[in-house]
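Only one chain comes next, encoded as structure tokens, the form predicted on its own.
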């Protein structure tokens, strides 16, 4: 009986079902909120201006998103501004990274030189490029976009190049047997076979671009952004606003990552690389 009951919680692939994983996640969230409320509102281990409770943070979120006062609604405008910048930078990074990745995958000298340089640059924190971007472009949105594009471009280029190299040799031989050569072989055989690995790179590029955006916005004033809200919270000692903005940043990043992960999972299933749960 125990074995039978346990087996109903698993998918055909032997993994926990989607609903069971969701229940774990909800339970974990409730536990975190409960501990947070216990520390701040019951035990009161810290004063509210140092570590506010969930109610105070929720108040900042509600006023910032759908408040009607003259100072309300700023978080909603900040979200719109940040999303516009990150989506613009991310799409440009995907286009540039895809082209460069194709070239590196097709030409060994470029892969041996530029690929090595990009790998090294990827290890540099995105915040380190912000001073250069400010000096080169000025205190404006172009500086933020530069950092976002750079941080998103490198993972895409390396993912496309690596995915092309990891295509099974049998597919290369089959393509050449059918008459595909050069660019035709890359576009018609190698690139379609690389799509699952490329999608993994796109998801990584999103997380890099999102982090780079917030880091750049922190240091560039005068634009409606989530980074500006963090800076306002710091300057006014409003810890609740800081925590509310951090939570919103995490939620948005997680939602986009979930969408990209769902697309990646669907493609992997279509390619026979993953069993449906």
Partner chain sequence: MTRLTIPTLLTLTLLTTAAAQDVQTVRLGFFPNLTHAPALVGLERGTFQKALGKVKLDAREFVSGTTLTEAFAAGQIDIAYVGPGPAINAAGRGMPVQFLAGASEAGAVLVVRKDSGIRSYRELAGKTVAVPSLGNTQDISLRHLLNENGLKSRTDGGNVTITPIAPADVLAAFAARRVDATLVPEPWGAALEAQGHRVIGSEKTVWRDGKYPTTLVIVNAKFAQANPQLVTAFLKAHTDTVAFINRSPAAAQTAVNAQLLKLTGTKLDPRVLQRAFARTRFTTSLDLAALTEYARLNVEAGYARSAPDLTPFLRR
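Residue numbers count along the first chain shown, from 1. In this text, all values refer to a predicted model and were calculated from it rather than measured experimentally.
Below, we turn to the form predicted together with its partner chain, even though it does not appear here.
Contact annotation: residue 178 falls outside 4.5 Å of its partner chain in the model of the complex, judged by heavy atom distances. Taking the partner from the other structure, its partner chain in the model of the complex has a heavy atom within 4.5 Å of a heavy atom of residue 224. By the criterion of a heavy atom within 4.5 Å, residue 43 is excluded from the residues contacting its partner chain in the model of the complex. Although the partner is absent from this view, residue 135 contacts its partner chain in the model of the complex, with a non-hydrogen atom inside 4.5 angstroms. Checked against its partner chain in the model of the complex, the candidates 74, 111, 203, 172 yield a single residue with a heavy atom inside 4.5 Å, and that residue is 74. Residues placing heavy atoms within 4.5 Å of its partner chain in the model of the complex fall in a single listed stretch, namely 137 to 145, out of 183 to 191, 137 to 145, 150 to 158, 98 to 106. Residues of 202 to 220 include none with a non-hydrogen atom no more than 4.5 angstroms from its partner chain in the model of the complex.
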